[in-house]
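The chain that follows stands alone, in the form predicted on its own, written as structure tokens.
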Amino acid sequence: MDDTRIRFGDVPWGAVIRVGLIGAAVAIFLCLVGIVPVFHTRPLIKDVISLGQTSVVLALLATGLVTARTADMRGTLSVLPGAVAGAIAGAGLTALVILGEVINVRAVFLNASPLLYGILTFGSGIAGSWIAIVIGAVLGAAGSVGARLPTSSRRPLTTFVLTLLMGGLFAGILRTAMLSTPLAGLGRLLFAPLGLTIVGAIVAVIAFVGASELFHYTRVRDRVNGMAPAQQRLVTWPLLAIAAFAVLMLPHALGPFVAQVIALVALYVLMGLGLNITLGLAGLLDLGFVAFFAVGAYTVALLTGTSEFGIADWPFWAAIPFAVLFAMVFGAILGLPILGIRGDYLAIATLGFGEIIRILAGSDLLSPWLGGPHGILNVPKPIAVQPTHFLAGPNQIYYIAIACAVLIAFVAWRLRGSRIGRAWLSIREDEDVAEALGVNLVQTKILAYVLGAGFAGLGGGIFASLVGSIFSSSIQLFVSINVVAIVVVGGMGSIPGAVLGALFLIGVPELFREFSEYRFLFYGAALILMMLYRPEGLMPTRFAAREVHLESQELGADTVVAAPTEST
């Protein structure tokens, strides 16, 4: 019998028990992989709750939320299923504590330590192991209630949780930036060296929840769309000016570390926009995209470097056009042999090209010219300034990368709406039909590879100046996979999506380098959730979103029709 049919009243208790067991498994996993004990030293709100405790709280809340969406709850029993599922998840933690006292679990799981058991029982040992069950029931009930609230009430609660998390995680960066300004006293009041203060938590929640309600995106968008074009310009241009001013002042307000992170994000935006042409518009999957990035980086390093491998001692501004040009030449070299390859075979062929470039860059064959594994050092910054100058450090690369990203985004936007952009889209949908309609496949595909490679070469040239060196170890397959993930997560063919994808997949992990041991675990989990719940991307084009949802509806219709046939 299907356990979802085990009912008492209107509640499928089989489904409730299953969700509770899954919640217990997730909570135990967080404990045993070390997230709870390791993050316990990092406060979210000082003297109130740590990140380790927060991870368990979120797991138990999620258990109640999933239960509310799984079980058909009505009447007075509406909170009970979530409480039961949360209690089951808490019982899993209780079982872990009891088991750890009976046998040596640490022999297998190193993180199953007395510290972990103390966190789960609030320092009371095995005698307080029941506390996890009670807390699980309360949080499960709270998650269940939250899931059943109307959207207008649930949105501020969601904003509340995200605000606390973001405020606590970025408190150190914000506090450091404020200490060097007249707002130093306010910074100490709101932010502890690690995490929020209690006052900061209250202020952050009130400010952000109020702002989210006052400036809710949907309401603002609908109101602006209802204005006349002249009124829309009066609203949008001042906002764009404020945003531009904020971008210009950001490195001076938040420090060189944030400037370097955003510069790196901008470089990935350049590569994302390049692959957005090759993959997002033309549908040509390229897993060797890092090769064009490497060509641009080595070109700038060779033409501008002052080490023994420097060949021209050119300024950055003279070298960067050649970096783009040589990358475009390599794009044509890659495109010509693989014009007739499609699908998975195309991905494998481009992967091989990227690996060839990586191996050659680090080989003894080219080491007299490229430095082999030792790389090329002493790549100068584009502008020589004093250390006290406002363009010193990563700031000038920040401005150059942002300017190039804006320029390339404009070029990509114009290309997407042009005749060649429509030709790329037709190739992505069906090559045979596109050719029958008069699209020159050879010319159109080569142009996609060449332009995409040029954008990546520009990013590579700026990267060499940002870091001041280039090594063969920088040419990793993971760079190409990152760029593909940026395009897919942001939305295939979407220019704003490429920017948003780079912010989430490159910027956020870079800011969380203090959690280097676990940040890619969260990175992978976020990608899985993204593909499950928003496969069209964070900011897809209308065409791509309609295409994904249409396929899902067709799949659902096929399933409904096929079900009676299978049962008969």
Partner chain sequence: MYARVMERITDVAIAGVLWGFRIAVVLLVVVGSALTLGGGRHSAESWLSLIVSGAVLGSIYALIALGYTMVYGILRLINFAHGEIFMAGTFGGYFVATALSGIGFLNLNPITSIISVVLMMAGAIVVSVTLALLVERIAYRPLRNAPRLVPLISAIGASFFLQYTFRGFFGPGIYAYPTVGILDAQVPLGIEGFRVKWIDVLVIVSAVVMMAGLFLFVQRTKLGTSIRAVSEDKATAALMGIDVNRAIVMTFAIGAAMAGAAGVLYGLIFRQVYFFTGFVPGIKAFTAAVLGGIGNIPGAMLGGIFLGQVEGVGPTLFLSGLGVPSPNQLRDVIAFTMLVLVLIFRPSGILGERVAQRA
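Take the two forms, find the largest set of C-alpha atoms that superpose within 1.5 Å, and that set is the rigid core. Computed from a prediction, not measured in an experiment: that's the story for all the values here. Positions refer to the first chain, counted from 1.
What follows is about the form predicted together with the partner chain, which we do not show.
| Is there a heavy atom of residue 512 no more than 4.5 Å from a heavy atom of the partner chain in the predicted complex? | Residue-level check for residue 512: no, no contact with the partner chain.
Can you check whether residue 345 is within 4.5 Å of the partner chain in the predicted complex, heavy atom basis?
Heavy-atom contact with the partner chain at 4.5 Å: present for residue 345.
Legend entry - Contact flag, residue 57 vs the partner chain in the predicted complex, heavy atom cut 4.5 Å: No, residue 57 is distant from the partner.
Taking the partner chain as it sits in the predicted complex, is residue 238 in contact with it (heavy atom to heavy atom, 4.5 Å or less)?
Heavy-atom contact with the partner chain at 4.5 Å: absent for residue 238.
Query - Stretch from 168 to 176, 293 to 301, 189 to 197, 277 to 285 whose residues place a heavy atom within 4.5 Å of the partner chain in the predicted complex - result: Result for this chain: 277 to 285.
Interface residue in the predicted complex among 207, 312, 341, 134, criterion: non-hydrogen atom within 4.5 angstroms of the partner chain
Filtering the options by heavy-atom distance leaves 341.
### Query
Would the partner chain in the predicted complex be within 4.5 angstroms of a non-hydrogen atom of every residue among 359, 440 and 527?
Per the other structure, all of 359, 440 and 527 touch the partner chain.
- prompt: Across 82 to 115, which residues bring a heavy atom to within 4.5 Å of the partner chain in the predicted complex?
  reply: 107, 108, 109, 110, 111, in sequence order.
Cα displacement of residue 106 between the shown form and the other one reaching 2 Å, rigid core superposed: It does, since the residue 106 C-alpha is displaced 2 Å or more between the shown form and the other one after the core fit.
After superposing the rigid core, is the C-alpha displacement of residue 500 2 Å or more between the shown form and the other one? Shift of 2 Å or more: no.
(Q) Aligned on the rigid core, do the two forms place the Cα of residue 116 2 Å or more apart, comparing between the shown form and the other one? (A) Yes, the C-alpha position differs by at least 2 Å between the shown form and the other one.
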